[in-house]
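Just one chain follows, in the form predicted alone, and it is written as structure tokens.
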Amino acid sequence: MKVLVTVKEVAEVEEDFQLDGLRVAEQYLDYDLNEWDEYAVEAAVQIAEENDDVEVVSATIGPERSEETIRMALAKGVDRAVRVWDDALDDVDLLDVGAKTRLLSAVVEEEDPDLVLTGVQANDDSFGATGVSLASAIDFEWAAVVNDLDLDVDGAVANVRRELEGGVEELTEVDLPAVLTIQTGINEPRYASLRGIRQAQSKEIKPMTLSDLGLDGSAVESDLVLTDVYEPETESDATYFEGDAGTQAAELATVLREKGVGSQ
């Protein structure tokens, strides 16, 4: 059995930053593994630990820089990784769901997994649609926002619990092959051990270009255009009162009276 888990490197912006065109300047960014993907990786590794002859492969769309983040997943038990990048992606400001779906669909065709796990959404763009879009493109069964998973490998069925609107939860069976989008809280992601970190250095990260996947530049064309990036202006300023509790309370009372609070 093969489990393919999609992982994404996301940028965390420092509190004080500057923009460089349509992007935050690189020196103000720190990169890490997407939070939701941490749970998807843990779910995939647990499947491998609980069953015989299961290979876990991660797939990432990202530049060479992202290999450091990919090795975090390898250190936690992923067997090998695929990293998709191409010169055609260098100038793409916003990789939308359609483009991601086309790239990941090609990876699925190459790897032929029995189960695909994705995070529900990404910390940065928060589209929350790539997993379901991928399932539709590759004609797999799917379940979204999965917060509990019991996999019957012999029966080729995933028994899942998923979150619906209004706090309602659904229990359902999903026939494999399938795509499941994993919600935070489904498990407790492990920390990478020193042994795992050392082993990750020798695990394969296979780079693949668009041509390697049988695609061309049209695969990353987007219907979405990033037109502007800006820091929202503060609509109101906060006032901090100095002094002890009595002084602060008196100053607050004065401000409230000036605002007309309690005047009626």
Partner chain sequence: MSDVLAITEHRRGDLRDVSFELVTAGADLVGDTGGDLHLAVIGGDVDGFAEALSLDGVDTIHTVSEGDEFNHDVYVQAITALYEELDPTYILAGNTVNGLDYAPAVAEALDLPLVTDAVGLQNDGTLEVTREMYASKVESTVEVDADRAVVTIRPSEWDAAEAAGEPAVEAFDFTLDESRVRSRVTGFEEVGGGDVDISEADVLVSVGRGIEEEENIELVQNLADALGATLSSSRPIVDNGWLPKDRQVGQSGKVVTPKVYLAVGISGAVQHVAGMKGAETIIAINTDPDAPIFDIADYGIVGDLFDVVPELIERFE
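Here, rigid core means the biggest group of C-alpha atoms that superpose within 1.5 Å across both forms. Residue numbers count along the first chain shown, from 1. Here the structure is a predicted model, which is why all the values come from computation and not from measurement.
One more form of this protein exists, namely the form predicted together with the partner chain; it is left out here, but the text below deals with it.
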Of these, 72, 107, 95, 174, which has a heavy atom no more than 4.5 Å from the partner chain in the model of the complex? 174
Which one of 111, 169, 152, 148 is close to the partner chain in the model of the complex, taking close to mean a heavy atom within 4.5 Å? 169
Using 4.5 Å between non-hydrogen atoms, is residue 239 touching the partner chain in the model of the complex? yes
Look up in the model of the complex whether residue 32 has a non-hydrogen atom within 4.5 angstroms of the partner chain, and give yes or no. no
When the contact criterion is heavy atoms within 4.5 Å, does residue 132 count as touching the partner chain in the model of the complex? yes
Any non-hydrogen atom of residue 14 within 4.5 angstroms of the partner chain in the model of the complex: yes
Thinking of the partner chain in the model of the complex, which stretch from 63-71, 225-233, 45-53, 192-200 has heavy atoms inside 4.5 Å of it? 225-233
Can you tell me which bits of 136-152 touch the partner chain in the model of the complex, meaning any heavy atom within 4.5 Å? 136, 137, 139, 140, 141, 142, 143, 144, 145
For residue 171, is the CA shift between the shown form and the other one at least 2 Å following rigid-core superposition? no
Once the core is superposed between the shown form and the other one, does residue 255 show a C-alpha displacement of at least 2 Å? yes
Flag for residue 11, CA shift 2 Å or larger between the shown form and the other one after aligning core: no
